[in-house]
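First, one chain by itself: the form predicted on its own, in structure tokens.
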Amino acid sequence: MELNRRTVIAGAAAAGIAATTLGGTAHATGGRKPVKTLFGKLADGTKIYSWSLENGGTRLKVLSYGGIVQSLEIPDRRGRYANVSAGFDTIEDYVAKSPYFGALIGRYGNRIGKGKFTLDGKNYQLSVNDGEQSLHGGAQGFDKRVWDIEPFTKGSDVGLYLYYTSVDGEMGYPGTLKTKVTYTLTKHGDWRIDYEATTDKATVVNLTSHVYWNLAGEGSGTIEDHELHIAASRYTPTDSGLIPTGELTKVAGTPFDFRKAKPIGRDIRVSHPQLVTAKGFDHNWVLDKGITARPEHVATLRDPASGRTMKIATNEPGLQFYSGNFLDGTLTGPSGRTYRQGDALCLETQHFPDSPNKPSFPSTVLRPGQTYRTTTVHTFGC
């Protein structure tokens, strides 16, 4: 039986541990006002702050650098807490070698082929930082920017407003883009992300979050035994540069079929051309629900050993599942353990990669007078 967060917290309270966090045990406290502490300094002396939030049994730490989720802690079926997000414990590591651990991604999540696109008859050349491709907004994307952060409490919710203004021409993108991202922890421990942006010139935008998940706990080893369900009958195959070919291919009869939950490791080593090229899963799933007015459930991740689960709801049309293929043992997390291939995974809600060059894909164009809005909700349980 899957228990929700309220059941776990109530069980912890019944066991007499409601007022303590000793030993990493779940407790039944309500939301706490976000706490700001100095995390470190950039080379130019810019101070980077960490914001700590807690509500509904979920604990979240966010950095002003990159809007990074530095840690997210949730309890297992026995009420024991673990940080389920890969990352670092120093700003120097985030600056020097982070593969987008926990970061806000923009202006454009995922890849744009050869870093080029045409909009309203004008050609644009973007920053190229992944071979011939532009990845996650270019060499100095939103993940490497310092965000202004304001804490809030609203009813039973606590959270952070994050602001960043990307000037016209930054990383080659047209228009000054004013971005606001809201991180909310609800009274039930859900983590909600609301993205919002406006522009003064026609541009393209595709914002997402790049948390690396391991529900057994950061640094605990492979995610291949995690069970994953994705509500998608099609995916977008890619070429050798991991750029979508433009096809929408059925998942039926392929390793990409996650319509029924299955262990990630079951098919990851199948000799399928797409898996060989990407060294595992690194593809966009075309969600059956399409674009929706409100977030709808699209994926569930479960770790059988701990019992932890994460459900994702979004109004976006796509979901990028990346199985941590390029983790190579050279990075060490806060646990002191190294991250090897497949030790964490990403589930990035999004519009499709290379949409500016694929007219058949849902449009990512934003024009003056319009407001870009998307929402993704992570619901944790066990």
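On a predicted model such as this, the values are computed, not experimentally measured, just so you know. Heads up: residue numbers just count along the shown sequence, starting at 1.
The same protein also exists as the form predicted in complex with a small molecule; that form is not shown, yet it is the one meant from here on.
Annotated contact segment (heavy atom within 4.5 Å of the small molecule in the predicted complex): 316 to 324, selected among 52 to 60, 334 to 342, 316 to 324, 33 to 41. Note on the partner interface in the predicted complex: the residue among Y235, F258, Y100, F88 having a heavy atom within 4.5 angstroms of the small molecule is Y100.
This chain is displayed alone, yet in the predicted complex one of A231, I268, V251, L242 has a heavy atom within 4.5 Å of the small molecule; that residue is L242. Taking the partner from elsewhere, no residue among N214, H226 and R302 has a non-hydrogen atom within 4.5 angstroms of the small molecule in the predicted complex. For D194, no non-hydrogen atom is located within 4.5 Å of the small molecule in the predicted complex, even though that partner is not displayed. Proximity of N206 to the small molecule in the predicted complex falls outside the 4.5 Å heavy atom cutoff. By the criterion of a heavy atom within 4.5 Å, S134 is excluded from the residues contacting the small molecule in the predicted complex. For the chain shown alone, H210 is a contact residue for the small molecule in the predicted complex, at least one non-hydrogen atom being within 4.5 angstroms.
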